[in-house]
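So this first bit is one chain, no partners, the form predicted alone, shown in C-alpha cells.
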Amino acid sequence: MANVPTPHISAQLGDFAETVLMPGDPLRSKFIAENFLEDAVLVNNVRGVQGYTGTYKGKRVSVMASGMGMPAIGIYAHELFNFYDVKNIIRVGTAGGLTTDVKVRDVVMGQAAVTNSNWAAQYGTGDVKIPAIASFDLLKKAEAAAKEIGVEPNIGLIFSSDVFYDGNTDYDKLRDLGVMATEMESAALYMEATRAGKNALCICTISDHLVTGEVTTPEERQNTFTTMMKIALETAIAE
C-alpha cells in the first residue's frame, strides 16, 4: 500500500519542495503563498490545512500549515519527512515572550526546546531523555539571513508546552534557566526531524508577552509578521 496520499495530506509524491515553511495558521500559509511565492499551487487542503508549492527567487519552496499543538505538527512533520521526501521544515509561528530581553514583534529562533510534553516516550528510550534541538545548519543560515536584512534575532531556549491555559508551569524557574519564549509545537517538530534524520528550525515572532501583558490581534498575527517569513524564505533558498 502506497504511503501517499496520507490520511492528512492529499498531495502526490513530488508535490512538495525539499523545504517546507510551516505556520500554525492555515490563513498564514495562504498569506505567504499569495504574497511571497510565484506560481503557487494548492497541493493540500485536507481539513482546511492549506499547503502550497511555488518558487521564491527562482527556487522551489513549499508552505503548509500545521495547526496548533504538538500532536498536530507531529503528524504533518512525520508524514512530510517520511513519506514526501521533505528534507527541511521551518516553523514560522508565534510565541509568548517570557523575559524582558525579548519584546513584542521581536524574532526568536529556537536553538533548542524544553518541554512538558511526553512526546519522546514513543521512542522507547526509557529514562534516557531525547533532546529537542534545531538543525545547526538551518540555524546558521537563518541567523545570516536575518542579519542580512538588518534584524538581530534572539537565539536560545524556547518552551514547548502541551497546555495553553497553563496553571501549573513555574515560568520564573524557566526564566532562571534562560528560556526566552513559549509556544506549542517546536519540541515535537525537532524530535521528529531527529528521528527521520532531517532538519528543522523554529523561527517565531513574539505576539504577546507574559511579563508586560502586551498582545497583538489575530489579524496582525496572520498578516503582519512578515519579517520572520522573509528570514525563513531566505533560509530555504540559501546554499
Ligand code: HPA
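Computed from a predicted structure; not experimentally measured. C-alpha atoms forming the largest set that superposes within 1.5 Å between two forms make up the rigid core. So that there is no doubt, residue numbering starts at 1 and follows the sequence shown.
Omitted from view is the form predicted together with hypoxanthine (HPA), to which the following refers.
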Location of hypoxanthine (HPA) contact in the predicted bound form, chosen stretch of 186 to 194, 38 to 46, 54 to 62, 201 to 209 [non-hydrogen atom, 4.5 Å]: 201 to 209
Exercise: P153 in contact with hypoxanthine (HPA) in the predicted bound form, heavy atom 4.5 Å: no
Exercise: G96 in contact with hypoxanthine (HPA) in the predicted bound form, heavy atom 4.5 Å: yes
Exercise: F136 in contact with hypoxanthine (HPA) in the predicted bound form, heavy atom 4.5 Å: no
Contact flag, T182 vs hypoxanthine (HPA) in the predicted bound form, heavy atom cut 4.5 Å: yes
Residues in 135 to 169 close to hypoxanthine (HPA) in the predicted bound form, defined by a heavy atom within 4.5 Å, in order: F164
Residue shift check between the shown form and the other one, rigid core fit, R221 Cα at least 2 Å: yes
